[in-house]
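Single chain ahead, written as structure tokens, the form predicted on its own.
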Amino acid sequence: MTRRSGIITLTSDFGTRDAYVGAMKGVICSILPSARIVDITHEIRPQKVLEAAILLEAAYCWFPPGTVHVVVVDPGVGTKRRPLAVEADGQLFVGPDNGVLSAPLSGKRVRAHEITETSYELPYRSDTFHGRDVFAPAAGHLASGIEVDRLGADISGFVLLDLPKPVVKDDRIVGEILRTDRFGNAISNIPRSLLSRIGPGGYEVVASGQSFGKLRRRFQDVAEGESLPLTGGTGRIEIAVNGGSAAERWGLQAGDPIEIKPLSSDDRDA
């Protein structure tokens, strides 16, 4: 049994303008008044399942064991797609079987269950708001300590998205831009930990055919307004502009290619 932390995270494409997120929180608190609810983000672009999967992967590892993560980006709500409750990596996950839970479901020790037990849902299940009627109550009950298998039978054959992975080719790493954040930083799928595979230090970063020069440590390593590659807070390589937006200046967007290669000894010392 996974000990519960009492923390429930929410990730969705609902935004905060409407009452959807508030309704989900109300359901959770009705079941578990002591729940600590953390909003990861509600600014996923509408129906962008892959974006939700990527952001969940970036965030959930920072939470303590026994946290329950609710992810609702669900263009198939009301159809035959299955609602899932998953135990993986010492944490629990609730969401639709459409790929949003690809990161935890790709692990080695996974227990996945279809949510079918109606006693853990709201009495009325709408066809358009399973976030409130199915996923929020499931999360509240899981956080209160019930075992995941009480929500329904275990399943296999769940939907897994092909999360973009970088590739090491000879002396370079080839990847792609995953997304741009609100600052206009273009975040790649290349973790800094992979750099040692191509050399001991000093790297050049090229994105969409444009060289952004030497990999830096901080924004202030270049003058204000200049572009630079660096390791961002996610631990991945990204393209940024000190005091500006790389997405706006260079038109970088999700899917654009990025490549990292070692600098020559002369360039490394420059």
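When you see a residue number, it is the position in the sequence shown, counting from 1. Here the structure is a predicted model, which is why all the values come from computation and not from measurement.
Not on display, but discussed next: the form predicted in complex with a further copy of the same chain.
- In the predicted complex, none of the heavy atoms of residue 209 sits within 4.5 Å of a heavy atom of a further copy of the same chain.
- Among residues of the shown chain, residue 23 is one whose heavy atoms approach a further copy of the same chain to within 4.5 Å in the predicted complex.
- Remark: residue 170 does not count among the residues lining a further copy of the same chain in the predicted complex, judged by a heavy atom distance of 4.5 Å or less.
- Taking non-hydrogen atoms only, residue 202 never approaches a further copy of the same chain to within 4.5 angstroms in the predicted complex.
- Each of 13, 43 and 234 comes within 4.5 Å of a further copy of the same chain in the predicted complex, counting any heavy atom.
- Note on the partner interface in the predicted complex: the residue among 134, 151, 187, 92 having a heavy atom within 4.5 angstroms of a further copy of the same chain is 187.
- In terms of contact with a further copy of the same chain in the predicted complex, the residue from 193, 116, 144, 128 that brings a heavy atom within 4.5 Å is 128.
- Interface residues of 215 to 234, taken as those with a heavy atom within 4.5 Å of a further copy of the same chain in the predicted complex (partner not displayed): 217, 218, 219, 220, 230, 231, 232, 233, 234, in sequence order.
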